[in-house]
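One chain comes next, on its own, written out as structure tokens in the form predicted alone.
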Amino acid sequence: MQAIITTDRKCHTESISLAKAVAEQLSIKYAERCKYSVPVLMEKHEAEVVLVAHPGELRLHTAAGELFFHPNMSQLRLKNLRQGDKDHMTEAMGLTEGMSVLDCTLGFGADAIVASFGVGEKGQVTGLEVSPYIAAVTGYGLQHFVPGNYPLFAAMRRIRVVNADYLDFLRQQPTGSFDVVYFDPMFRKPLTASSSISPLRGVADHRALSLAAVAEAKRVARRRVVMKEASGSGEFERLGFDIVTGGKYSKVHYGILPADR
């Protein structure tokens, strides 16, 4: 996938420095903005993806639209957890203070943020993202976005982002190296046709979760493997997730597999 990086229209010094650093990190071309619009730059450089550096932020543009990092629903979920409410994902993971979580499908990090809050300051969350462009946007956002409260800020900053294919990464890990291994693959049947999600579909990993990946996850996990999927999905049965939990009226459920211990 051909990609370039440029700056915001005002070409702030901070934006130029960030753009050049990311260009080197990802081995992609730095293109001067020169007042060009993003669509014009895409055509000019024959790029399918354009990263745009703003002061304190990276944004990702595709032909379908713009993507950027924001804590989104993780803010509300953390607020609910702090008030003593339940969260179906953290319950499925069985999270407690000090645990380690491997999120194999980081995306824009909402689930990883909630998991990071769940394991606390002594815990560890590692997020894998196969797309180098999403990994760059999310990794930068987690370290630079300034939310309105400290628990969310701290949960974001504790997450380690790795640009890697999850099966390759799992195969390289020692047995029992994480307490929980988590998957949230692209749903086989999308729950929404929302235009806000369309830009993600062009750069996201659309592969179905494989039996090989599940087997490696069971080896790497000390406690359990958890998968998020649409309610009633046949993926749980196909992959051997016998325990399925979640809200009675929820559109998503969580499958649980015990680790190979």
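The first residue of the shown sequence is 1; numbering continues from there. On a predicted model such as this, the values are computed, not experimentally measured, just so you know.
Below, we refer to the form predicted together with a small molecule, which is not included among the displayed structures.
(request) Just give me the single entry in 71, 185, 139, 123 that has a non-hydrogen atom within 4.5 angstroms of the small molecule in the model of the complex. (result) Of the candidates 71, 185, 139, 123, 185 is the one lying within 4.5 Å of the small molecule in the model of the complex.
(request) Work out which of 110, 152, 99, 92 lies within 4.5 Å of the small molecule in the model of the complex, going by heavy atoms. (result) Exactly one residue meets the criterion: 110.
(request) Give a yes or no for residue 117: in the model of the complex, does one of its heavy atoms lie within 4.5 Å of a heavy atom belonging to the small molecule? (result) Residue-level check for residue 117: no, no contact with the small molecule.
(message) Although the partner isn't part of this model, could you tell me whether residue 222 comes within 4.5 Å of the small molecule in the model of the complex, counting any heavy atom of the residue?
(response) The answer is no: residue 222 has no heavy atom within 4.5 Å of the small molecule.
(request) Using a 4.5 Å heavy atom cut-off, state whether residue 207 contacts the small molecule in the model of the complex. (result) Yes, residue 207 is a contact residue.
(request) Spell out, yes or no, whether the shortest heavy atom distance between residue 106 and the small molecule in the model of the complex is within 4.5 Å. (result) Yes, contact at 4.5 Å.
(request) Please name which of the stretches 80 to 88, 173 to 181, 142 to 150, 160 to 168 has residues with heavy atoms lying within 4.5 Å of the small molecule in the model of the complex. (result) Flagged stretch: 160 to 168.
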